[in-house]
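Next up: a single chain in structure tokens, the form predicted alone.
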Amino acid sequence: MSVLPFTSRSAARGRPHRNMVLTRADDLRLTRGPWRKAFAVLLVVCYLSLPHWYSDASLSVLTLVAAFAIGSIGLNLLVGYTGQVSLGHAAFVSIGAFATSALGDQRGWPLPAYLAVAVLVGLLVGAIVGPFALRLRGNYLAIVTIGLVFVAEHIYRNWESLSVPVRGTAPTRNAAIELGPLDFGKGLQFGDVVYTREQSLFWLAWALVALTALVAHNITRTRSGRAMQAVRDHDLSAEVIGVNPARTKVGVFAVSGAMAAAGGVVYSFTLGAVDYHELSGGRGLFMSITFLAIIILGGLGTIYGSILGAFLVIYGQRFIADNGADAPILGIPVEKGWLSTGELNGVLFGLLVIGFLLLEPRGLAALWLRVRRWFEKWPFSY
């Protein structure tokens, strides 16, 4: 596309600023400016080198962070970009987890096959739930989505062939995690160098995070993404200007469910076992609230905010937990009932959510924008 006439370099008799967008191609570019390109290179270097620095235990936590980041990106499309409410996100995560157990472990399907099935089923279930958003909103829609985790609990409790494996038997450790010649389950091998399972799964999980973030970012820049934001701001006004709110709401529920199912596949890899009690019912509701807290703390309406929030909530618990959820804090015995590790995690988690809502409701994404703008405008950063 040609340069716009009022920004022509010949007319201005000078060189435009490097951050000035002149063409549609510049507007669609993922990285603009030397600093952003350097930061992208730094992320790639960290992605390739972190498994060499961290222990397998730390890498397992980072892989779990990746699972929650993938699910949070999908939820942020639903809540942050479209303005819908969902407290049943764990039900979609359970789809990916049980697809890994039932298809990958019990039937020996390859990774691309059961990952595709998980994403497809999550897409279909999201499309089935989506029409409820056409007639309900706010608290009423939240109550309907809460029902998802209890419906999932009933299904898994009675579908014995699917939900027999429980935590401790490690059924998903037998699932094939292969992409062509690359075997992530047994550990990658390049020449004489052999990597552990945790190192290999770290690379696979964060590659899926990057792919999910790229897909979500491109969705938000399309006509559908602008329609989502118009529905979020005012669905009636969006309909007046030609947006179809029904198609938009159903579509974003479907995409969100598909991404959550993909996160469930990574979640099952990390834990090595699937327990329906963790992903449905009361515990499933708590997991759904955790997803909601992640996008609030990270930043609603931002893709990278979902990843930052996952780091803060999931990896941040590692700084508190030492020997497990039953370890006492400050030498106080657990049986006295004052404060255990798990209870302290819950207290700090609640205080963190309250603090961000009061002091910075836009989350970590807003803090990052301030830091970035300070460096971009330096020395006139005021």
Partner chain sequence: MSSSGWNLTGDALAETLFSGVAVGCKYALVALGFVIVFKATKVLNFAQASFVLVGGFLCWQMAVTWELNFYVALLAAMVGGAVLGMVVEQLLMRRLLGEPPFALIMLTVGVLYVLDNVTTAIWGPEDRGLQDPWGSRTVDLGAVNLAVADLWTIGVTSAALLAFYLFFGHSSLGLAMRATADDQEAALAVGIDARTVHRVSWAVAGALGALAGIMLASGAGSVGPGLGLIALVAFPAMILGGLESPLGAVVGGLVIGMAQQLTALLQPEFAPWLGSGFERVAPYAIMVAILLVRPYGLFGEREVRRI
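Not measured: the values here are computed from a predicted model. Residue numbers count along the first chain shown, from 1.
This protein has a second form, the form predicted together with its partner chain, left out of what is shown; the following refers to that one.
- In short, of 196-204, 104-112, 81-89, 262-270 it is 81-89 that has heavy atoms within 4.5 Å of its partner chain in the model of the complex.
- Against its partner chain in the model of the complex, the set 146, 354 and 357 is in full contact: each member has a heavy atom within 4.5 Å.
- Comment: its partner chain is not present in this chain, but in the model of the complex one of 244, 229, 290, 189 has a heavy atom within 4.5 Å of it, namely 290.
- Proximity of residue 221 to its partner chain in the model of the complex falls outside the 4.5 Å heavy atom cutoff.
- Within 4.5 Å of any heavy atom of its partner chain in the model of the complex lies no heavy atom of residue 34.
- Taking the partner from elsewhere, residue 217 is found to have every heavy atom lying beyond 4.5 Å of its partner chain in the model of the complex.
- The closest non-hydrogen atom of residue 151 lies within 4.5 Å of its partner chain in the model of the complex.
- Although its partner chain is not shown here, in the model of the complex the stretch 226-250 places heavy atoms of 234, 235, 236, 237, 240 within 4.5 Å of it, in sequence order.
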